[in-house]
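Coming up is one lone chain in structure tokens, specifically the form predicted alone.
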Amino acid sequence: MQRTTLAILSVVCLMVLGVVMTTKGQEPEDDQAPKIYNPYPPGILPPDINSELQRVLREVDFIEAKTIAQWKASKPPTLTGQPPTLQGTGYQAVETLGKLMNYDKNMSPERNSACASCHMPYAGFSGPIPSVNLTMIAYPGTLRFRAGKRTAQRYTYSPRYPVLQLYPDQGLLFGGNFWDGRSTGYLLQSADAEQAQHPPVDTQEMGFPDTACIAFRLSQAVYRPLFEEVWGKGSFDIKFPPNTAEICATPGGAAVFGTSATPVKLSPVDRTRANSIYNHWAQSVSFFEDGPQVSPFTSKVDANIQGLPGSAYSPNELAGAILFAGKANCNSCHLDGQRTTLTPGQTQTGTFATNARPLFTCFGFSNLGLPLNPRDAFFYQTKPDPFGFTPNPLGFSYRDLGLGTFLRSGFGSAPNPNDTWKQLAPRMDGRQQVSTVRNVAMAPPQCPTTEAPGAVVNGTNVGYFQKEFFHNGYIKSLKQLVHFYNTRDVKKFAFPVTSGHCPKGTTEKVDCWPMPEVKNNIDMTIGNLGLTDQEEDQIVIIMQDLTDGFDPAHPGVSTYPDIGTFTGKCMQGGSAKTQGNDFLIMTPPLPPCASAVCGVSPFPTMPIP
């Protein structure tokens, strides 16, 4: 396996409570040392950030090396027929290509960030570092420590989301990818494929300054022959200018590029070829994500639908399934494809249609009324980094309007390719994508639960894997998640305060919910459900049953591909009710919402504080 990145990271500065130092306690000695961005006050970055980033890269290297070996040992497909088809092993070839791309850390300027760096299989292809999930929320990109504004969204089943589209009768948008829906899929007719095109050139993520850098780095990849086998010989017949390597080694947003989105100066013909490679990159990655290695429909719920031996629900599981579709009203948004909320006098049986493959999402967008999370690293990136780029000049005057910001082509989102939708923005402010419940509870085998104090295996508590939930990571356990849905609007639990300022005698996330970050368009199908503590727990249980890799013959052993690659440590102790509360910090006095967010026409229906 290639260890270049590990050699680089061995000299990266260690970050302890926001203080930068090298492994020897000295400043970098020359210009070749990696540049560090540290605008953060003490405690925002976790103290183990560098060692954890290195751990994940070792895991990424391991999966990549295994996949390269599988590719080299596989039988190549035969191109034949009209239209020409990769006969025989064509599916495997495209899926393997997408997987290799997903785990290739060379697809970033400093060769230290792959797609998988923020999306590992043992976390349901979401954030793989427990301490990051507890603290800074978003994951560091190629330039340590730029970070985005939201959690690493799971991409299991993301290829099943349709192209973003308007339902005129409802005046609502459905489909797309990303929390804010900015990956519409309008050009490739796949929202997921377009999603794969964003992180490589996102300044806060993999961070290339030009999409042509993907073509350039792919032309040097060990698996280039597989790309040419799938997408055609001559794909890389591009005359790259002599300074391409230097440009592609510089993170996007650098002042040296000015406002240019295409600093790699290619001829029109070569730019078209590079764009084609970028589209094929996206299609290959999406095919991998849609396949059985990522989205296999192998949860206990799926086995139960099929009536497989060993998949019968326990009383608590059945109760949770009935609550999910009834009293808890989860099924209003996380559609199970069969059941729905009951009307008086009806009886819920808790069964599905045979052969159903429900996706447990409506593909829509909802504002759940979550409080602003002051731990989000994005709020603190107000100073220029070593390349002269300031990720968030708005600081705490930034508000995450989600889909509404995207429709306005606003700050921190992406251009909206359909101007007729812009008028809908006020109705969409605060709305974030409704994720599938599938794999929300996936965790490594060593610590097979997301819930404190952890799982008991053979009489021993093996701990838990800390995750973060919702777009801003405010919620730290599934128990908290269900409790929030259940009690957000209970009068005695709702307070006009920000996070970290709950009144004395109350406990945040237990009997105190701070006010929403965005009060417009709040989803009122939840908030005061009247669930008991036991019923909350039963809903958590059925959510856990939606974890892929269930084998009815061996229910304690996951069959999910690559789930055993986690080499980190489990956490122990505490309670799921107050999980993560030790890391709460006080929200500072908030300035008004910046005009760059809330002052863009059409204006929000109600003022955003």
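Just so we're clear, the structure is a prediction, and the values are computed from it rather than from any experiment. A residue's number is simply how far along the shown sequence it sits, counting from 1.
Heads up, the form predicted in complex with a small molecule isn't pictured, but that's what we're talking about next.
Among 249 to 257, 190 to 198, 401 to 409, 296 to 304, which stretch has residues whose heavy atoms lie within 4.5 Å of the small molecule in the model of the complex?
Single hit among the candidates: 190 to 198.
Within 4.5 Å of the small molecule in the model of the complex, do we find a heavy atom from each of V60, T67 and T547?
Verified in the model of the complex; spot residues all out of contact, no.
Of T96, N392, T184, Q204, which one comes within 4.5 Å of the small molecule in the model of the complex, counting heavy atoms only?
Selected residue: Q204.
The small molecule: the contacting residue among S158, S499, N133, Q538 in the model of the complex [heavy atom, 4.5 Å]
Exactly one residue meets the criterion: S158.
Going by a heavy atom distance of 4.5 Å, is T450 a contact of the small molecule in the model of the complex?
Result no; T450 lies far from the small molecule in the model of the complex.
Can any non-hydrogen atom of E289 be found within 4.5 angstroms of the small molecule in the model of the complex?
Contact with the small molecule, yes.
Hey, in the model of the complex, does I526 get a heavy atom within 4.5 angstroms of the small molecule?
Heavy-atom contact with the small molecule at 4.5 Å: present for I526.
Is there a heavy atom of S332 lying 4.5 Å or less from a heavy atom of the small molecule in the model of the complex?
Yes, S332 is a contact residue.
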